[in-house]
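One chain follows as C-alpha cells, the form predicted on its own.
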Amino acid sequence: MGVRRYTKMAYKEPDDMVFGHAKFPVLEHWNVQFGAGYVVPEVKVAPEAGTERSKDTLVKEMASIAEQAAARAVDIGLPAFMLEQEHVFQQTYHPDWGYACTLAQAEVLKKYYDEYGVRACLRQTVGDLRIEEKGGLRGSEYDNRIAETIEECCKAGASDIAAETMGGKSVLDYGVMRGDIKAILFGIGYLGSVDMEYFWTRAVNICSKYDTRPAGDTNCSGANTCMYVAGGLLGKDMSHTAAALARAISAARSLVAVECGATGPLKDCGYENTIVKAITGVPICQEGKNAVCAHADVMGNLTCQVVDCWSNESVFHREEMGGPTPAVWLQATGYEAALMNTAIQTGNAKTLRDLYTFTDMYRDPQGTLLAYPNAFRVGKAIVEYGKDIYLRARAAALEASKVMMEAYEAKLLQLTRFELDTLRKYTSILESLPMEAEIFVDQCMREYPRKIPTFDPKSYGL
C-alpha cells in the first residue's frame, strides 16, 4: 500500500479522546481488542544478562518470562494482557533465534489461554541494528536481517510487530550536544521521517502476509534521548523546553508509521503518542508511573490520559520481594488498567482522565505540551502541513512553543531564566527557517555532512 498523509484530525475536539477508546480499534490474537472500550495492561521484561550466550538459554529465558507473567495474570484475575519482548541483539541478528524465542512465548500464552481462558497478545519489538557508517540504513547485512527476523516472528505467532528505529540519530545527537535546534529538526523531523517511510513500508508488507499487526514505532532514539538528557528538575544539561520542542517534532516523525499502514497500538515509550492518536485515531500503548523500574520522569500520571494499553518499562528478569519481575510489573500495570476500566464502567472516565492530566500538566514544560488539549493543538499544526514532512515538523515545534509561552505568561507554568531563554532563542531560529523543504534540506546538506562524520546522506536518498 502507498503512504497516506494525514491532512485532517481523527477527532473533532480534544475532549473526544479518553483512555480505552480509539477511533479505530485493533483486534489481535485471542480476541483482545485495543481501543474498544477498555484498557489492556502490558508487561515487558529484559532477559537476565548472560542468557543470550546461546540460542537454547535465551529460548528458555523467554519461555520463563511468559510463564511467570501468565501465571500472575491468572492468579490475580486479569482477563487479558499484552506481553512485549524487546529484542536483545542476538534475537534480531539471528532470525532463527527470533523465531524460536517468539514460538516459545506464543506456546506458553496459548497454554494459559487453553487452561484458564486468560487472553494474551505477544508483541515482538525488533532491534534496529543498522549503523549508518557501517553499511548504511538501506540494504546492509543488518538491515536485511531485521526484515528476515520480522518475517520469522510473524511465522512463529507474534500478535504484532513494533520497532524503535534510529533514522536521523547521528544528526540528532550532534544537535543535542551543540544546542542546535536546526539539527534536531533535521535529524528527527526530516531524516527520521524519510527513514520511517523506508522501514515501515517494508514491515507493513511483511506483516500483511500473516495474522500479525504492524503496530508502530517510537522516537526513543531521538525525543526520549532529549527527555533523558534534560532529566529531572535538578538537570541542567539540556533545557526541558528544548526537550518539549523535540517531542513535538517527533510526533510528525512517528506519524509516518501509521501513514505507511501501521495500525497500533503504538509502542509504549513513544511519549508523542497522544499527538499521533489525536491525528490518526489509532490506539496507543504508553508508559509513565509504572516505568519507575527504568527511569525517572516528571509526568508519570499524565501519560495515562488517553492510553489504550498501559505498560511498564523494561526491567531485568530477576526476583523481587513480590516474586519474579514479569509477575510483579504485570500486577502493577494490571491494577492501574483496572482502575481505568472501572472509571469507564461507572461513567467516570473523563473525570479520571482529567485528574491524571492536571496532576502533571504544569509541573514541567513537557507535561504542559503533552496534556491532551495541547497535544491536540500540536496535531492540528501538523495536519495543516500534512503533506510536507519538513513543514509539518517545523509547525509542530512552533505550536509547542506557543503552548509553553501561553502557559508561562498565564503564570500557570514556571520557567527558569535558562528555560525561558532557550525557548525564545530556539523559537526565533525556527521562525527564521525557510518555508520550502528543498531550501532547508540544501542548507542542512551544506552544513552537517562535513561536521558529522557518522552522517551518511545516502541512507536517506540524499
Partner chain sequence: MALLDWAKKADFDMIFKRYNVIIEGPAIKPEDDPDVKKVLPKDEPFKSLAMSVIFGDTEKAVQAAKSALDRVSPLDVIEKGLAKGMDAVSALYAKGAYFLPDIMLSADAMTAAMQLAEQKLGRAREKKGTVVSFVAEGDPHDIGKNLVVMFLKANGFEAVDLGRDVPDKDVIEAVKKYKPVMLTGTALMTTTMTAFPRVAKALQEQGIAVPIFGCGGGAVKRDFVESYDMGVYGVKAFHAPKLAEAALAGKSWKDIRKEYPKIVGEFVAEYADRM
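Positions refer to the first chain, counted from 1. Computed from a predicted model, the values in this text were never measured in an experiment.
Although it is not shown, the form predicted in complex with its partner chain is what the next lines describe.
Using a 4.5 angstroms heavy atom cutoff to its partner chain in the predicted complex, none of Glu151, Ser311 and Glu436 count as contacting. In the predicted complex, none of the heavy atoms of Glu287 sits within 4.5 Å of a heavy atom of its partner chain. Using a 4.5 angstroms limit between non-hydrogen atoms, Ala46 touches its partner chain in the predicted complex. Within 4.5 Å of any heavy atom of its partner chain in the predicted complex lies no heavy atom of Phe199. Although the partner is absent from this view, Asp143 stays clear of its partner chain in the predicted complex, with no non-hydrogen atom inside 4.5 angstroms. Checking Met361, Ala203, Val258, Ile389 for any heavy atom within 4.5 Å of its partner chain in the predicted complex turns up a single hit: Met361.
Out of the listed residues Ile181, Ala71, Val88, Ala156, Val88 is the one that sits within 4.5 Å of its partner chain in the predicted complex by at least one heavy atom. The partner is not drawn, yet in the predicted complex one stretch among 109-117, 233-241, 321-329, 207-215 has residues with heavy atoms inside 4.5 Å of its partner chain: 233-241. Residues of 348-381 that come within 4.5 Å of its partner chain in the predicted complex, judged by any heavy atom, are Thr351, Asp354, Leu355, Thr357, Phe358, Thr359, Met361, Tyr362, Arg363, Asp364, Pro365, Tyr372, Pro373 in sequence order.
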